[in-house]
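Next up: just one chain, as structure tokens, the form predicted on its own.
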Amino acid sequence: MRALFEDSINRILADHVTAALLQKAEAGEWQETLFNLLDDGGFARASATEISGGVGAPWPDLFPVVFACGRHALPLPLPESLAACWLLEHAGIPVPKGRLTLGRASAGTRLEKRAGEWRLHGSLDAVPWGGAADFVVTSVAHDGGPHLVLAKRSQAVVHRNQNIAREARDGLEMSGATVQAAVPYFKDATNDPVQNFGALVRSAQIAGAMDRMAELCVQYANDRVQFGKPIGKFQAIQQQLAVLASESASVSTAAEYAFAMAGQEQPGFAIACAKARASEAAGKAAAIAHAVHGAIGFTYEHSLHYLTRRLWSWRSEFGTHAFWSEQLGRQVCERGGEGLWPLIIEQQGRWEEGGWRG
């Protein structure tokens, strides 16, 4: 299934995610035709079971799909839809028909149960394509633990906004709105499930974008001639390309590791490793790519900025490098000095049991 996903998604996105489409998306135009194409192809619900219109694909098989979304700078919430479907099913909430996205609740947002109905008081900030989605999945602390919440976007007041990459990041205001469902989420009760799985997909998107950036840099270094030879022949450029390639490989490995762990109990440690590593590398990779390309990399006509602006945005979404590093530090400290090595061995064992493809 993994090879089929990888071939199909890369072919579709290579054919359809053009500079013209990206420019329309940046102008605020929802890409209905491409979303329907991906939905009809089974990608938007691939993580859901057949009864919900999916194929029940495990996270390791979905890694190349989300990686490709980053590599091609897809301006649609496909990664968010995969995460939303998976979270809903694992919380026992039926997956509704329609476009799904993820949203993080702002501070002070609360749930209330009144006359048998759940109501949401508060707002969701920077929701990916929140204004275009039919449903949003969020998590809210209630009764001492996270509750997974499914809400209709039509119940919210939408405040349009964009991130640095000009991707839609809308605010959804819900003042006592009735929600479709709200259930306790016990899979990893120590963390916010929406933040966890949002960070998971962003780590793979960052890996994909960095992989494409490395390709662009190598191609440009071989094509651009200065002082009678390609700039890629200069040792200083070669060193920068080597650093970029190393960072790209490191982030891809960390993200794929997190995808291998995502379907298991307590995936938080692997996800924290992946997002911390990806967020740290994103800025360094963008700086190297623009240094190699020189002035042309800053022009709107060149494709590099579609990737670098996404890296600058995604590195902060669903938790920064500092946030996830702190989470890792807390988990390590809880084990104590004697517990660090057993923790690493434990993760390696779970990785191998999880079917890591090696």
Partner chain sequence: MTLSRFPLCTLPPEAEALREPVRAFLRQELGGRPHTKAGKSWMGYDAEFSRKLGAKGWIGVTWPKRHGGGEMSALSRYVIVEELLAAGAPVIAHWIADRQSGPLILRYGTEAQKEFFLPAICRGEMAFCIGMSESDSGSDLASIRTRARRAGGAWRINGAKIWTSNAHRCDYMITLVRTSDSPEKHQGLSQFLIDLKAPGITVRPIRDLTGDNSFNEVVFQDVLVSDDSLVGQEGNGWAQVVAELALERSGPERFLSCHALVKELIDRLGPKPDARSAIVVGGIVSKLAVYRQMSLSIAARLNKGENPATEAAYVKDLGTTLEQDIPEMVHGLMESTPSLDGEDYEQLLAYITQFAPSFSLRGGTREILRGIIARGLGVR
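Quick caveat, the model's predicted, so the values are computed rather than measured. Positions refer to the first chain, counted from 1.
If you look for the form predicted together with its partner chain, you will not find it shown, but the lines that follow are about it.
For the options 155, 248, 109, 163, the residue carrying a heavy atom within 4.5 angstroms of its partner chain in the model of the complex is 248.
Of the residues 149, 260, 73, 285, just one reaches its partner chain in the model of the complex with a heavy atom at 4.5 Å or closer; this is 260.
Look at 240 to 248, 164 to 172, 128 to 136, 97 to 105: in the model of the complex, residues with non-hydrogen atoms within 4.5 angstroms of its partner chain sit in 240 to 248.
When its partner chain is considered in the model of the complex, residue 329 lines it closely, a heavy atom lying within 4.5 Å. At the 4.5 Å threshold, heavy atoms of residue 178 stay clear of its partner chain in the model of the complex, well away from it.
In the model of the complex, no heavy atom of residue 20 sits within 4.5 Å of its partner chain. Taking the partner from the other structure, its partner chain in the model of the complex has no heavy atom within 4.5 Å of any heavy atom of residue 82. In the model of the complex, its partner chain lies within 4.5 angstroms of at least one heavy atom of each of the following residues of 323 to 348: 325, 326, 328, 329, 330, 332, 333, 334, 336, 337, 338, 340, 341, 342, 344, 345, 348, in sequence order.
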